[in-house]
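Next up: just one chain, as structure tokens, the form predicted on its own.
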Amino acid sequence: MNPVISAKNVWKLFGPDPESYLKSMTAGHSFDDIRADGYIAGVKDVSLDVSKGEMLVIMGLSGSGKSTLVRCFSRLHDITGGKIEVDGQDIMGLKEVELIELRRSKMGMVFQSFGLLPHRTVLQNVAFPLEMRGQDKHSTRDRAMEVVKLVGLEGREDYFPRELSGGQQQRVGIARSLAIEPDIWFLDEPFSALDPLIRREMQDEFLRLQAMLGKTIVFITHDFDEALRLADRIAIMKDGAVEQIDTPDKIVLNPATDYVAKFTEEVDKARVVHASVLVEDGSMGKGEPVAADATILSLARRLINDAADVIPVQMPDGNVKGMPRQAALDILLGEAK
């Protein structure tokens, strides 16, 4: 299956003449070398694909390039070099009118700042992008009300933003982006302004919506716990480059660089790692198979009480494979010294 978003060797340089500089730049130039030459590498030679229905979480510290990269995906920034395709279209080759139509018809965006119109009600805020698209009033209201219900704000459709909590305002922003039924959803730290309890509730709501809608999502965060909770895959960025892109399990178990390892060192691996990651071909083990998506923590009692060397795991394709019990115990209890 072809990726929905495909980035190949993408650069975004900021400076006086970035295109000429990139062409003349020698291989192996570091982020600091580029900065010494008077340029900033917002995105540095990034290649990645995003599959249909996937939730890719891009994370990193402030200034790592995560927001710049997502703005390149939607061509809010023109890239300096490389290629970005959305559904097979080279977005740098699109005319302005074609780019506007792509954003209107296929892309939804939610940012940290809610950006609600204070003089409009919840329903009117949600309806706004449909009005801009020229949709008739009746179908606009019906669709707006549909997504208001979807995000749990039914009964508050006539409230103004000032009458809502922060979490409710963020729900309005999410509903507004969903109103146009986007295939691709970009979310730039949408929950970071919320207090921890509301943030957790919004993550739950977001996971519920994704389970229902199956959107292709690129989600930006600087919070590793949030990334672990939401992501199908995580891309960790530093100085404009992707340090590692993989599933949460594999990043936690096998950090590719010292920088990535710093993100993972405080993580309770037993809460993150799933049985399927530890299976080995060959022996299937004995007894009732455990689910492939079961975390090692959820299997703690069986791992401790079951003396078998191999625990059977029911894989998504129906096959049963064996998980070495000792490997799982090492994650649960820590490796013996």
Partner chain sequence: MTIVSDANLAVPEGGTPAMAVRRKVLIGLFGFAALLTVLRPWLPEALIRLPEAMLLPWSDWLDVGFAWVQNDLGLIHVTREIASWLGFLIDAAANVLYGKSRWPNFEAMPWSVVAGCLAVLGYWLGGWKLALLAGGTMVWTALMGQWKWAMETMSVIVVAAPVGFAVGLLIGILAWRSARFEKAMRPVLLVLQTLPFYSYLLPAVIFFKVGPTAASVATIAYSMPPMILMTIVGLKKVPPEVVEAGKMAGCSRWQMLRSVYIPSARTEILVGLNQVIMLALAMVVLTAFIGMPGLGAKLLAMMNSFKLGRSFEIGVTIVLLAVTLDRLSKAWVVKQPEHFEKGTPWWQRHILLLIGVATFVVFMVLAQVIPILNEIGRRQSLSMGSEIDVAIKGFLNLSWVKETTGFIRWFFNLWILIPTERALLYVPTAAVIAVVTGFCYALGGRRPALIGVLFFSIVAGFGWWDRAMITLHSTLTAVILAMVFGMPLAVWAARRETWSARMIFVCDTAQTFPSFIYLLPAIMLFGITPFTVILSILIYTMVPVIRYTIEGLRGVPPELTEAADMSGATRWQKLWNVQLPLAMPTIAVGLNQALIFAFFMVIIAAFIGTRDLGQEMQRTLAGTQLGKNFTLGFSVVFMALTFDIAINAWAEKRRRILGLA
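Under this definition, the rigid core comprises the largest set of C-alpha atoms superposing within 1.5 Å between the forms. Numbering follows the first chain given and starts at 1. Computed from a predicted model, the values in this text were never measured in an experiment.
The next section is about a form of this same protein that is not shown, the form predicted in complex with its partner chain.
Though its partner chain is absent from this view, in the predicted complex it lies within 4.5 Å of a heavy atom of just one residue from L209, I245, M202, M109, which is M109. In summary, among the residues G88, P118, G93, P196, the only one with a non-hydrogen atom within 4.5 Å of its partner chain in the predicted complex is P118. Stretch 68-76 is the answer when you ask which of 254-262, 215-223, 68-76, 229-237 has residues with heavy atoms within 4.5 Å of its partner chain in the predicted complex. None of the heavy atoms of E189 is located within 4.5 Å of its partner chain in the predicted complex.
At a distance threshold of 4.5 angstroms between non-hydrogen atoms, R176 is in contact with its partner chain in the predicted complex. When its partner chain is considered in the predicted complex, E163 lines it closely, a heavy atom lying within 4.5 Å.
Although the partner is absent here, D249 is not a contact residue: none of its heavy atoms lies within 4.5 angstroms of its partner chain in the predicted complex. For the partner-free chain shown, E96, I100, R103, R104 of 77-104 come within 4.5 angstroms of its partner chain in the predicted complex, judged by any non-hydrogen atom.
Core-superposed comparison between the shown form and the other one: the C-alpha position of Q244 differs by less than 2 Å.
For E163, the Cα coordinates differ by 2 angstroms or more between the shown form and the other one after the core has been superposed.
Comparing the forms between the shown form and the other one, the C-alpha position of P182 differs by less than 2 angstroms, with the core used for superposition.
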